[in-house]
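For reference, the chain that follows is the form predicted alone, supplied as structure tokens.
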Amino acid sequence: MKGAVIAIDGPAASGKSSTARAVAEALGFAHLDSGALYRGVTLVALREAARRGLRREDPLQVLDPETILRTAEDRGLMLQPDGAGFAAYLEGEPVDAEIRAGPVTAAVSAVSAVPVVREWVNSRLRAMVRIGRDVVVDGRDIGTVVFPDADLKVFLTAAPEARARRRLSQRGAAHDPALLGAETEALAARDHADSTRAVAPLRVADDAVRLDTTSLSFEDQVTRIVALARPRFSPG
């Protein structure tokens, strides 16, 4: 039995995860956060490096990817159903708070760019669907690589300045012009890097619905995606 898949892709700070979670709740689907597994693998790498006395911000400098993935499997890294979504578990304990902390955030980009790591994560995301779970999945290559046959693909985007404002608001930072300018430039640079990287570049799937959220409220963008989804999944 195969579950239904809604793929939501987009650049950094486009609100993919929060939007995917809200859409999943509205439809009665589960929210599957691809980033949680990449962050989980990164946490494994950081813990293993520390255990060996190899304290580096970039664990790939001291551990090879195969060792990291073997350790992740040995220590039971997995996503387990948790309410309307999934939670990351490691060694039998929930680690969602730890995988969102600064050290993991600083290292996850490098770890998630490794092809063998991406293959490992993608295989586990697909397994969630093969067991029959209906999911909303967010990321940067969900509709192009992970689930190219997704039932619905949405590509969220917004102007870099709009995304920068949202990110500063999330951090509780004042919208100082200098801060806003620096964040806007950083996001534009991230967009370029993500779109031109050799492994799983950010791009819009040919059959994706583009949704520019620059002038939309969060509620409006969720409503629009739910409206796209309901006719596809309603009986009859």
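Here the structure is a predicted model, which means the values were calculated and not measured. From 1 onward, residues are counted along the sequence shown.
Although it is not shown, the form predicted together with 2'-deoxycytidine-5'-monophosphate is what the next lines describe.
In summary, among the residues Arg118, Arg165, Arg133, Arg75, the only one with a non-hydrogen atom within 4.5 Å of 2'-deoxycytidine-5'-monophosphate in the predicted bound form is Arg118.
Proximity to 2'-deoxycytidine-5'-monophosphate in the predicted bound form, taken as a non-hydrogen atom within 4.5 angstroms, holds for one residue of Arg210, Arg197, Arg56, Arg70, which is Arg197. Highlighted residues Leu32, Thr144 and Arg203: none comes within 4.5 Å of 2'-deoxycytidine-5'-monophosphate in the predicted bound form, counting any heavy atom. Between 90-98, 77-85, 134-142, 150-158, the stretch whose residues reach within 4.5 angstroms of 2'-deoxycytidine-5'-monophosphate in the predicted bound form through a non-hydrogen atom is 134-142. None of the heavy atoms of Arg47 is located within 4.5 Å of 2'-deoxycytidine-5'-monophosphate in the predicted bound form. The shortest heavy atom separation between Met128 and 2'-deoxycytidine-5'-monophosphate in the predicted bound form exceeds 4.5 Å.
Residues Val108, Ser109, Ser112, Arg118 are the members of 103-120 with a non-hydrogen atom no more than 4.5 angstroms from 2'-deoxycytidine-5'-monophosphate in the predicted bound form.
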